[in-house]
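Shown next as structure tokens: one chain only, the form predicted on its own.
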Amino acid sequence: MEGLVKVPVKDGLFQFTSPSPMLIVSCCSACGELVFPKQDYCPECCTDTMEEKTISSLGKLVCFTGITSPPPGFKGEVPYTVGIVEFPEGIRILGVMTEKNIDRLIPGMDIEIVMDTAFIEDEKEYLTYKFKPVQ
């Protein structure tokens, strides 16, 4: 992976150049609703008053499951685990876990956001956010 250009799997999901990676959300200035990934219109009050912000890089694991069959178009490794993490700002976000063994995961455990390789293609390393248990 040395010499590969690092690029995000999708622009606007996260900031990965700062010391700790942060997810980018939209916050409605009219009603306070938080949305991930960011978008232009609030799904709660249907206004276009969304403002971009980042959220904490630490949260709590709500639930999780193991995936053994990849969805169509998936380019990562199988099996993998996905989880829903609740952040202090009140938003819950679904993401891939770094821990593949579900026996090592416990609802309520502390989780941090990390950057990891999603896949490599055309001499590019595509980065994504993942949820890692805090040891």
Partner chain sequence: MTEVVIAGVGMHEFGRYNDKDYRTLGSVAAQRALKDANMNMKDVQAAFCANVYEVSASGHNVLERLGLPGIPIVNVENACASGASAVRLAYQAIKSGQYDIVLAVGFEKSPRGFLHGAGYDHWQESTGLGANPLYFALNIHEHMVKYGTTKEQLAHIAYKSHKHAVHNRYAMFRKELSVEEILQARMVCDPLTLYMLCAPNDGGAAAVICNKETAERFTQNYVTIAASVLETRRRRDMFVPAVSAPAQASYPFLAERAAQSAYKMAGLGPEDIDVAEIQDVDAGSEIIYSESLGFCPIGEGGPRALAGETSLGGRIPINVSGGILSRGEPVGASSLGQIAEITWQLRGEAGPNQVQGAKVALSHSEGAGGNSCVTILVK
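Numbering follows the first chain given and starts at 1. Just so it is clear, the structure is predicted and the values come from calculations on it, not from any experiment.
Omitted here: the form predicted together with the partner chain. The next part is about that form.
- Heavy atoms of every residue among 63, 66 and 84 are located within 4.5 Å of the partner chain in the predicted complex.
- By the criterion of a heavy atom within 4.5 Å, residue 93 is counted among the residues contacting the partner chain in the predicted complex.
- Residue contact with the partner chain in the predicted complex: residue 22 places no heavy atom within 4.5 Å of it.
- Using a 4.5 angstroms limit between non-hydrogen atoms, residue 104 is distant from the partner chain in the predicted complex.
- Within this chain, residue 37 lines the site of the partner chain in the predicted complex, having a heavy atom no more than 4.5 Å away.
- The partner is not shown here, but in the predicted complex the stretch 114-133 reaches within 4.5 angstroms of the partner chain through a heavy atom at 118, 119, 128, 129.
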